[in-house]
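The chain that follows stands alone, in the form predicted on its own, written as structure tokens.
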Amino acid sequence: MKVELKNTTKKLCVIGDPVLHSKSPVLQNAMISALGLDYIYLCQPIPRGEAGRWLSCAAYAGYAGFNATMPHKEELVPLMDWLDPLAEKCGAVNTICIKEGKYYGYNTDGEGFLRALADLGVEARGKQVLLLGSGGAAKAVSAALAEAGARVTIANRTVQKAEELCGMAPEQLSAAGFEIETLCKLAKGSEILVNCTSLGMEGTGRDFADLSFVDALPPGAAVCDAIYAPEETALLYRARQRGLPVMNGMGMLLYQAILALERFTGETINVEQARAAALAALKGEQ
């Protein structure tokens, strides 16, 4: 893929820790090229706790904006000059636009997840969901699912953090622990399982010690992982072996990237054109 760089080219990037595995530069640069936009998208590793320093550096270096992944989505929230309603509600941002020295925070993860879920042929409304984790992605996805009419149980090692998330929509969100017995019990009544933890993510060296809760899911339950590297986590492999419909994080990444590019550029993006370009670029990498 050829990426052109001119003196007028505006810079964008993704920050995270880890982040070198990120497919965002491939996706975004492919879409930018296909749509004829004068931008370039880079990858910038930023250690945990250093997002504040990065903000001033990004503004000084002339960045038009950036995306944030783990673990910066929550750390950046109090540093924003303005937040969109979903970002304010869930307390996490993944898209930051820099304009005239001010920082504008958005969250496109939730809508991106719902669009990917629709591609899987699953509607959230009326469904019972078991969501694992309480970080930035979990906040956005649980908020979006609640707004879509799902009932969500958020399971987390620190139950207090899960309980704090439930304050976003107390009538539709509930909290639980992360013990295997608890997960198995909850899985029996769940129609959708969503992993928003980093367990199984490439480069972390961490994974689920026990996946028996997947076996407790009812037939036909959808299993979704916010992780896209590796393409198939141990969680998704276990679910696929059971014949359950599965979805990794690539669809969510793709749709949130399209929504983010609209925020960065102020342009209305042709979704089909952008999606086709991004998927072709990913295929070319394989």
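In this text, all values refer to a predicted model and were calculated from it rather than measured experimentally. Counting begins at 1, following the sequence as shown.
The form predicted in complex with a small molecule is left out here; the points below concern that form.
Screening 211 to 219, 169 to 177, 132 to 140, 184 to 192 for residues having heavy atoms within 4.5 Å of the small molecule in the predicted complex returns a single hit, 132 to 140. None of Ile227, Ala51, Val223, Ala30 but one reaches within 4.5 angstroms of the small molecule in the predicted complex through a heavy atom, and that residue is Ile227. With a 4.5 Å cutoff on heavy atoms, Lys161 counts as touching the small molecule in the predicted complex. Using a 4.5 angstroms limit between non-hydrogen atoms, Leu199 touches the small molecule in the predicted complex. The closest non-hydrogen atom of Arg157 lies within 4.5 Å of the small molecule in the predicted complex. In the predicted complex, the small molecule lies within 4.5 Å of some heavy atom of Gly249.
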